[in-house]
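Just the one chain here, the form predicted alone, laid out as structure tokens.
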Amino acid sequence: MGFGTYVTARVMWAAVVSLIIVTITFLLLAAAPNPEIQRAATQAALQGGDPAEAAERARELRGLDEPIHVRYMDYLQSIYTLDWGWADSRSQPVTTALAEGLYYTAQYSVPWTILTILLGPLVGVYSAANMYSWKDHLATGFAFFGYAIPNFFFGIILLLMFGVWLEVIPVVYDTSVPVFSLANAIQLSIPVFVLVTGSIGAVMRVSRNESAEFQHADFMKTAKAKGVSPLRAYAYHVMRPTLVPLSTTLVGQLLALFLGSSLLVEVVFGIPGLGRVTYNALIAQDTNLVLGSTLAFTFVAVVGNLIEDLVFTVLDPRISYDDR
């Protein structure tokens, strides 16, 4: 199996997984009562009208009187044309609502991802190079702290300290601030710090443990005997084999925080990103927006796992496609 065939097979399988997840979500939401229909029936009863007739009219306006398989096929067709319907809770198209949420999510997720990818492995290798010293204990303690403390609780504590008591950052995220400005960097510093501490812990621990196995290997002894500097030896001979098992933890941690903890961080700091858009859609039972958000998060998760598989082969050429 060649590289192109493997990537094609993985993409096709990713499409199947996305279809299964969207189908399950659609069926669950279709089985749930629609609040708009109940609201229409209640309003008709209060005005002296027929609640049953008002509820049926509301169902017809939203296309809910059609058989479920017809509604499902219409939705699948709309996915390929990017016509994901209308978000009743936001009075705008679903794609527009998701694009606006992604705009704000990217402002903190991009620097958070870059910092995690850079700092996590480096701190782990540095800790392994100074194993059982005070530097190692300090790095390990920081890793356990970030791994153990809930992100939303840590975010609330920092918001109280820097937003309420010290008044260094705004309590609620200010969307009117320009993206590339010092004010925006200041108000995003705490959310980014909370997410980095939550993701860097597991990455650092795995990097430390894996690096400890390679720093006393024969190739490291040979490199030191040839006069290679410690920095170059760790960078070229320890970091690369460490990244092979580390990529699984790295992708898993980033996806878990992006899909879960980022929602809590956005709620705590008032960031109108994808997580908060999805949360508000669930509360309002906005079926179209929930399905669109599910598809967006599914795409992120599937692409992340695909990148993980490809990174495996790039970092370790011994991995063959024929066995997959």
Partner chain sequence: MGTQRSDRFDEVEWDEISQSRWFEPSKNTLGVVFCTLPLALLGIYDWQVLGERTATFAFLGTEWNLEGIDYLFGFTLVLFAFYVVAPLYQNPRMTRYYWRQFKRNRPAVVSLGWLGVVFVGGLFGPLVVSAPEQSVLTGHQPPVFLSIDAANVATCVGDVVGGRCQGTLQHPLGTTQGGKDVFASIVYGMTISMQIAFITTTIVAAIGVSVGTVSAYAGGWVDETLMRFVDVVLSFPTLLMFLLILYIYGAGLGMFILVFSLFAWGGTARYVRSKSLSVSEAEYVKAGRLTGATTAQVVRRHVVPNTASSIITQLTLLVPGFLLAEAQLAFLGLGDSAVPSWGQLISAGRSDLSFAPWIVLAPGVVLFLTILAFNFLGDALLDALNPEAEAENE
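For the two forms, the rigid core is made up of the largest set of C-alpha atoms that agree within 1.5 Å on superposition. Here the structure is a predicted model, which means the values were calculated and not measured. Positions refer to the first chain, counted from 1.
Keep in mind that the form predicted in complex with its partner chain is missing from the display, and what follows is about it.
- The three residues V11, A106 and V110 each lack any heavy atom within 4.5 Å of its partner chain in the predicted bound form.
- Contact with its partner chain in the predicted bound form, judged by any heavy atom within 4.5 Å, is made by just one of I149, A183, M73, I114: I149.
- Heavy atoms of V311 never reach within 4.5 Å of its partner chain in the predicted bound form, leaving it off the interface.
- Contact check for L118: no non-hydrogen atom falls within 4.5 Å of its partner chain in the predicted bound form.
- In the predicted bound form, its partner chain sits within 4.5 Å of a heavy atom of A32.
- Although the partner is absent here, L28 lies within 4.5 Å of its partner chain in the predicted bound form, judged by heavy atoms.
- Heavy atoms within 4.5 Å of its partner chain in the predicted bound form map, among the stretches 97-105, 151-159, 84-92, 185-193, onto 151-159 alone.
- Of all the residues from 285-302, those having a non-hydrogen atom no more than 4.5 Å from its partner chain in the predicted bound form are Q285, D286, T287, V290, L291, T294, F297, T298, A301.
- Core-superposed comparison between this form and the one not shown: the Cα of L27 travels 2 Å or more.
- A displacement of less than 2 angstroms separates the C-alpha positions of F193 between this form and the one not shown, with the rigid core held in common.
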